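Take a look at this one chain, the form predicted alone, written out in structure tokens.
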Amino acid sequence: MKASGPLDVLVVGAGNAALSAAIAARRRGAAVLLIERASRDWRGGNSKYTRNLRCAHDPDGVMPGAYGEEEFFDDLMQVTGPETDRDLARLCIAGSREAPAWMEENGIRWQPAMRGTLHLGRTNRFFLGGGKALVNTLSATAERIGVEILYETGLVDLAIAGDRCEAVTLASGDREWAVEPRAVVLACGGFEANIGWLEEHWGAAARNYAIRGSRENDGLPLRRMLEHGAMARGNPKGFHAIAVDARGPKFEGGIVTRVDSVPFSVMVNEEAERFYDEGEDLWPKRYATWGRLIAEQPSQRAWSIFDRQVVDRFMSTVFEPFEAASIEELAVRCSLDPAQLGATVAAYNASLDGGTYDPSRLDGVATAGIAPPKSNWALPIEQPPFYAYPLCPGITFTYLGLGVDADARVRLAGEGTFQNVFAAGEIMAGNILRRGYLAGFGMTIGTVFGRIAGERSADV
């Protein structure tokens, strides 16, 4: 099926950033075509696996307390470091304050923070029904206001002349055709599903990663734009990666394979040795650290070991943890050396220094005289039954992307910008994210820059 009628704006992708761009452009009067490589059933990219949006706000009926822009910015700087584009980061954070009302105007509804989402109630707004409901709602709004959507349709290449895109070649099945939009918005994710591209930076270890998001995100539009002279921004080896259950699928595991037991456990590698501080900071600031940490371990595997004291402190996953009556028996179930795991847990228990345990805050209940330390929530692992999750890195999206300006225009590798090519969401997140992550911030980037890209593309 080909697009019908004149075309002002072509939007590539069908997740939150793309839908935000398409809706914003259409509400500005543009004729909009949105293309999605996936089928209708699998539409939405990584957005369908999300739950919430981080936003600056005053107290309201949904979110307690206030979360100011400076606190938000400070939180971001703590996780992503000084390399970030601070101007774009501040623009995104300022735009986050308006994002919930704009999303509500387009059908999104909210719910209280979910049980087990520790420390997020004040900073993050939860979508009623989760990310799949968000995608369905925004897709319905887009279609209702006149956005044309083609599924199972991808971008093959762009015809670039100087600083303008003159045409775009699309494909569906074995058919190809060209369209000539006045402007193009690329909102189609990074290259996390392209194992070969990951191997360029991570070597053979990348074959052991799970891709918890869309299998369609192979980075082809990103690669094409870089070939056509776009500026690359971000960290080529950087990615949003979390600890996921190693028993999950290679692709599309989504949220249900995510494991949140880490801060309440000890983490060991395949040598049954601890390798990092499990209680370094609040989980929303550190959960995306653990994918990379596990990626650096032998065989890219780790195990989260805990006991019955904390089994209800985090959201359960689609898989039950391994369970055993003793640490040594648990080691056998995990194919770990029983003596070494027993020694590791015994050394950890012996290092505990007391204090008042409080999972709702940084409680300072820590180890002493052991490396690595555990800085918070350091309870002894001594009450059977004992549990373990087998973990591997779950890659969500990559941090190499297209450089953009404050209007979401794609920047040229030299000076200037493409006049009619814009980018939003994960494909440009590397301007702001270099390492680490804040829970819900990817959806913030997608919503804010999706709106900007949609409005500016409609004005071309």
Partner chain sequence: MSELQDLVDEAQRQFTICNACRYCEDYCAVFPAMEERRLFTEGDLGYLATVCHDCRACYQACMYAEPHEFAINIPQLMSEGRVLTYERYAEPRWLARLFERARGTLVAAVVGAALAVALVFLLATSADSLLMGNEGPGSFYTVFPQAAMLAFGLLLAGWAILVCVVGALRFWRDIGGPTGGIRGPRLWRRAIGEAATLRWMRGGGGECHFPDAEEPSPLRRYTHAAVAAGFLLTFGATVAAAIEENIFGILPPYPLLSVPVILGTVGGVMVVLGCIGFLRMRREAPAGLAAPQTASLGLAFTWSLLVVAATGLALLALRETDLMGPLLLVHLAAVFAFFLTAPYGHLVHAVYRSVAIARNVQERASSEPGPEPRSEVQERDTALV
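As the structure is a prediction and not an experimental result, all values here were calculated from the model. Numbering follows the first chain given and starts at 1. For the two forms, the rigid core is made up of the largest set of C-alpha atoms that agree within 1.5 Å on superposition.
Just so it is clear, the following notes concern the form predicted in complex with its partner chain, a form of the same protein that is not shown.
**Q** Spell it out for me: taking its partner chain in the predicted complex, does every residue among G253, R313 and A439 have a heavy atom no farther than 4.5 Å from it?
**A** All three within 4.5 Å in the predicted complex.
**Q** Which among 428-436, 30-38, 402-410, 46-54 is in contact with its partner chain in the predicted complex, heavy atoms within 4.5 angstroms?
**A** Looking at the other structure, the answer is 46-54.
**Q** So in the predicted complex, does S375 come within 4.5 Å of its partner chain, heavy atom to heavy atom?
**A** No, no contact at 4.5 Å.
**Q** So, R258 and its partner chain: in the predicted complex, are they within 4.5 Å at any heavy atom pair?
**A** Contact with its partner chain, yes.
**Q** Spell out, yes or no, whether the shortest heavy atom distance between L120 and its partner chain in the predicted complex is within 4.5 Å.
**A** Result yes; L120 sits at the interface with its partner chain in the predicted complex.
**Q** Residue-level contact is defined here as any heavy atom of the residue lying within 4.5 Å of its partner chain in the predicted complex; does N235 satisfy this criterion?
**A** Because no heavy atom of N235 falls inside 4.5 Å of its partner chain in the predicted complex, the answer is no.
**Q** Report the residue, out of A350, A371, L128, A339, that has at least one non-hydrogen atom within 4.5 angstroms of its partner chain in the predicted complex.
**A** Exactly one residue meets the criterion: L128.
**Q** Taking its partner chain in the predicted complex as the reference, which of G229, G355, P359, P385 has a non-hydrogen atom within 4.5 Å?
**A** Only one listed residue qualifies here, and that residue is P359.
**Q** Using the arrangement in the predicted complex, list in sequence order the residues of 130-152 with any heavy atom within 4.5 angstroms of its partner chain.
**A** Contacting residues: G130, G131, K132, A133, N136.
**Q** Is there a C-alpha shift of 2 Å or more at P359 between this form and the one not shown once the rigid core is superposed?
**A** For P359, whose C-alpha is compared between this form and the one not shown after core superposition, the shift is 2 Å or more.
**Q** With a threshold of 2 Å on the C-alpha, tell me if G131 counts as moved between this form and the one not shown once the core is superposed.
**A** No, its C-alpha moves less than 2 Å.
**Q** Superposing on the rigid core, is the CA of Y287 displaced by 2 Å or more between this form and the one not shown?
**A** It does, since the Y287 C-alpha is displaced 2 Å or more between this form and the one not shown after the core fit.
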